[in-house]
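In structure tokens, one chain follows: the form predicted on its own.
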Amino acid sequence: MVMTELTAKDALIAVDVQNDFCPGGALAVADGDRVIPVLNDWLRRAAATDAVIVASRDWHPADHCSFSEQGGPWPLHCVRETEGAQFHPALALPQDTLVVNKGEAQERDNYSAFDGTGLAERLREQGVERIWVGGLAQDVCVKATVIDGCEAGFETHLIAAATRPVEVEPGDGERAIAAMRAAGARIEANDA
């Protein structure tokens, strides 16, 4: 297997690898914790270079509009400052990781790590041209991040082995892959 060489022009984006999206969490993705070893390999490689490391997280108020109690589609999850909103303890994020909070406003949802966070500008300021994305969930926040990355002009790669779908409807994962590919993303079938 050929290992992808990361450089200072790369960014690795770990999307929402939070306790509530992993087994036992409030909005658990089946096998969600299985993305962690793959992402940790990428994190080690990124940290050994000058690649930018980004970790996004849902950071919701307790009355967020996406919650079913407020008429939204999701159960209560990732309420800021709770255990469920914390990054999974096995995710080996370096100290200098750029943490991006999303879904902070009560009345607005943000699925993409780029939506309302200024991430695209921050990455451009650091000379990033290519992004690598993994995390949870493949058919929601990962998909939105990948598509927005493409639209922002980055060469965008999905690390397929580092993501899992929540699949509200059967086939959502496959449809998400198709949508990301249609947006211009490169789907990396292997983990390196």
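In this text, residue numbers run from 1 along the sequence as written. As the structure is a computational prediction, the values presented were derived from the model and not from experiment.
One more form of this protein should be noted, the form predicted together with ligand VGL, which is absent from this view; the next part is about it.
Query - Single option in V54, V140, A51, I159 placed near ligand VGL in the model of the complex, where near means a heavy atom within 4.5 Å - result: Looking at the other structure, the residue within range turns out to be V140.
Query - Heavy atom within 4.5 Å of ligand VGL in the model of the complex - the one residue of V128, I36, C150, L27 that qualifies - result: Answer to the contact question: L27.
Query - Heavy atom contact within 4.5 Å of ligand VGL in the model of the complex, the stretch among 150-158, 40-48, 119-127, 132-140 - result: Selected range: 132-140.
Report task. Check whether W74 has any heavy atom within 4.5 Å of a heavy atom of ligand VGL in the model of the complex, and answer yes or no. Result -> Close contact exists here: in the model of the complex, W74 approaches ligand VGL to within 4.5 Å, heavy atoms only.
**Report entry** Residue contact check: F87 to ligand VGL in the model of the complex, 4.5 Å heavy atom
**Finding:** No, no contact at 4.5 Å.
Query raised in the report: Taking heavy atoms and a 4.5 Å limit, what residues of 14-29 are near ligand VGL in the model of the complex?
Result: If the 4.5 Å heavy-atom criterion is applied to ligand VGL in the model of the complex, 14-29 yields D16, F21, L27.
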